[in-house]
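Below you will find one chain, with nothing else, as structure tokens; this is the form predicted on its own, and questions on how it binds or moves follow later.
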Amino acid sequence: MKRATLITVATLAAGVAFAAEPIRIGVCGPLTGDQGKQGQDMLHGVELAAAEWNARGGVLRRPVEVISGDDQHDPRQARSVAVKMVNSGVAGVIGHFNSSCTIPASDVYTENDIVMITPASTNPQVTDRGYANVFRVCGRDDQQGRVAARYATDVLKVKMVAVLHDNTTYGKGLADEFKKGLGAGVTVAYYGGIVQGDLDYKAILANVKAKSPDLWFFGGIYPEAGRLAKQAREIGLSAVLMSGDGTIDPEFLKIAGPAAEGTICTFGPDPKRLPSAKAFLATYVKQYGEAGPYSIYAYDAVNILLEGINAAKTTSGTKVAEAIRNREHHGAFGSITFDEKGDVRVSPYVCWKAEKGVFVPCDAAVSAR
């Protein structure tokens, strides 16, 4: 587990005198392996925010220290990482990335009165269990599943679809929400799962192709989505691919190559079109390069956590959670408020399309009503 104390040169140059021991903040996700890019994106967003707080004098006159934990998108490892976070004395955690990791890890954080804010886990069960210390700054799969389904039916006018998922909490959950949102006018000609990490999906894709769908949907993450898209093109499956927030990453475009063209994904709004994100993007790009999909979510999440600690004037999880829930937060993504479950009050989802090697927002908009 990597430790990093973030007291910047700017802080030291300003002569800031910290009054006490650091406030430790955990950031947990798949920092290595095939999903490691997403974890590193989250880590960089948290590091940037922590450095900015330290440059302003810290929180409660204490420096912010970031402790990272690599769960390797393994639920068992996630629980182990959560225990390590507790033993390290963290005041809160930003993470995890995968819903299948966030759910068991949140049990540990709840038992130890530690606030957890996930930037990325979208399965409804993350917040539906009623844990007062659990929040997310992203949306939910029942929201994005409805947006994807309505785009498929109202904009693309599909009548025949195939649905695949990666058998994870996130992937299957999103696929099921998409299927549920299609309505009676659409036939689901094929429904099935794949094995996460497999390299050859052509047999499954051949079964999909045999059903002649107008569109095929995949619930899962970009490594598998990229291989599926590439292999679908190789066997002549020409139907549109639609997926969710786990696929919308430059790594998907690299893996799929030309086969990515036309893929549609659900995700949040484009930060480059938000005035509130301008400063974040400029600083992030200068320090780390192009921001990843979840860099800004992690940045907002840790700012919300630190604002909560500052407002509560304590690191007590119960009091920090109360402060977070009772405040309106103004971050890079604009105004954020939470409902009683810890979900954002406004669904953030729009559709994006892969065009000429990049993802661009679709012109047509549908709601998650």
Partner chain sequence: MPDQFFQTLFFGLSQGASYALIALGYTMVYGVLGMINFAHGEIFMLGAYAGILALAGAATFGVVVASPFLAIGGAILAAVVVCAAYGATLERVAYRPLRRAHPLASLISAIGVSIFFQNYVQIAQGTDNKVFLHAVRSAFDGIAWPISFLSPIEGIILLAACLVMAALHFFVTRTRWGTALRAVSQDPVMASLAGIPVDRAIAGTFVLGSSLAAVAGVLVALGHDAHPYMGYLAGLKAFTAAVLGGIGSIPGAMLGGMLLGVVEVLGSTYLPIPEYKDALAFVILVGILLVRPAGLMGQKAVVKV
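What you are looking at is a predicted structure, and each value in this text was computed from that prediction instead of being measured. Positions refer to the first chain, counted from 1.
A second form of this protein, the form predicted in complex with the partner chain, is not displayed here; the remarks below concern that form.
Gly33, Lys254 and Pro258 all contacting the partner chain in the predicted bound form, non-hydrogen atom within 4.5 Å:
The answer is yes; Gly33, Lys254 and Pro258 each reach the partner chain.
Taking the partner as it appears in the predicted bound form, which of 163-171, 294-302, 240-248, 177-185 has residues with heavy atoms within 4.5 Å of the partner chain?
In the other structure, the partner sits against 163-171.
is_contact(Gln231, the partner chain) in the predicted bound form, heavy atom dist at most 4.5 Å:
Yes, Gln231 is a contact residue.
Is Lys37 close enough to the partner chain in the predicted bound form to count, meaning some heavy atom within 4.5 Å?
It does: once the partner chain is placed as it appears in the predicted bound form, Lys37 has a heavy atom within 4.5 Å of it.
Would you classify Ala282 as touching the partner chain in the predicted bound form, given a 4.5 Å non-hydrogen atom cut-off?
Result no; Ala282 lies far from the partner chain in the predicted bound form.
Is there a heavy atom of Pro124 lying 4.5 Å or less from a heavy atom of the partner chain in the predicted bound form?
No, no contact at 4.5 Å.
Only one of Leu156, Ile235, Leu274, Ala189 comes within 4.5 Å of the partner chain in the predicted bound form by heavy atoms, so just point that one out.
Checking each option against the partner chain in the predicted bound form, the one that comes within 4.5 Å is Ile235.
Since exactly one of Asn112, Ser80, Asn207, Ser88 fits, which has a heavy atom within 4.5 Å of the partner chain in the predicted bound form?
Checked against the cut-off, the match is Asn207.
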